[in-house]
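Take a look at this single chain in structure tokens; it is the form predicted alone.
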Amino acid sequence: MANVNSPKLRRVYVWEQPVRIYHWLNALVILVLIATGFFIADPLTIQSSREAADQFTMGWIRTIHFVASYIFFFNFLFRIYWGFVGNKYANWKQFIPTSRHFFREIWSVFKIDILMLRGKEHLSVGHNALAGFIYFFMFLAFLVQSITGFGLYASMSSGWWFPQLFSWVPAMFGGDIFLRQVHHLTMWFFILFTLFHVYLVFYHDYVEGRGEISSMGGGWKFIEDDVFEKHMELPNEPPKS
């Protein structure tokens, strides 16, 4: 027999398919870039009796890194575009603080998620304010990583005009040495972000039970109907007076 006290859930389409494709493609290429980046920073020492011309291990690692970097960059450009044309959960207003309420929500989520203090549960159908604000810095890190990466690539690439668009970058950073350090440190920011991101996704999925993990597969979350009606506007409908 069904529990009469069980809340009625509303099935809400949050993450559109382009956002989900962007997310998983971005996750994949970042892992590839991190793995190949470590080898590029500390190349393999391979001893073999084969001719040097027949050994292209590091060459393949660099090629994979460069291909992944193009995918990463243009996928990032697509996400910028989708921030203007996607639904309200993908909109840039979810990431950029524009009001005192946004900052109050950041503090509220920080107390519960990070400091583990008891407090009133905060409902966020899409990104909560803290997650959105962190993603904003993540997008800035994407930009820094793209500029520094293509800046390093510009001096060694030939045959295509695109990398040469970044030929001014090394001079702005005072040379390749510091540029490479910034590129490497930004990679560690990605690593730390990934660890916190995975932890918080599983934490919210366990605590809230709203389909946090599965939503990035199918796009849907399940929100208590009364809570949703109280706190959120229905998508594509005017606010209730």
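Because the structure is a prediction, the values reported are computed rather than measured. Throughout, we count residues from 1 along the sequence that is shown.
If you look for the form predicted together with protoporphyrin IX containing FE (HEM), you will not find it shown, but the lines that follow are about it.
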item: Location of protoporphyrin IX containing FE (HEM) contact in the model of the complex, chosen stretch of 100-108, 127-135, 145-153, 83-91 [non-hydrogen atom, 4.5 Å]; value: 145-153
item: Residue among M216, I30, V201, I64 with a heavy atom within 4.5 Å of protoporphyrin IX containing FE (HEM) in the model of the complex; value: I30
item: Proximity to protoporphyrin IX containing FE (HEM) in the model of the complex, single hit among Y206, F56, F38, F178 (heavy atom within 4.5 Å); value: F38
item: Residues I34, S69 and F72 all lining protoporphyrin IX containing FE (HEM) in the model of the complex, heavy atom within 4.5 Å; value: yes
item: Residue contact check: F190 to protoporphyrin IX containing FE (HEM) in the model of the complex, 4.5 Å heavy atom; value: yes
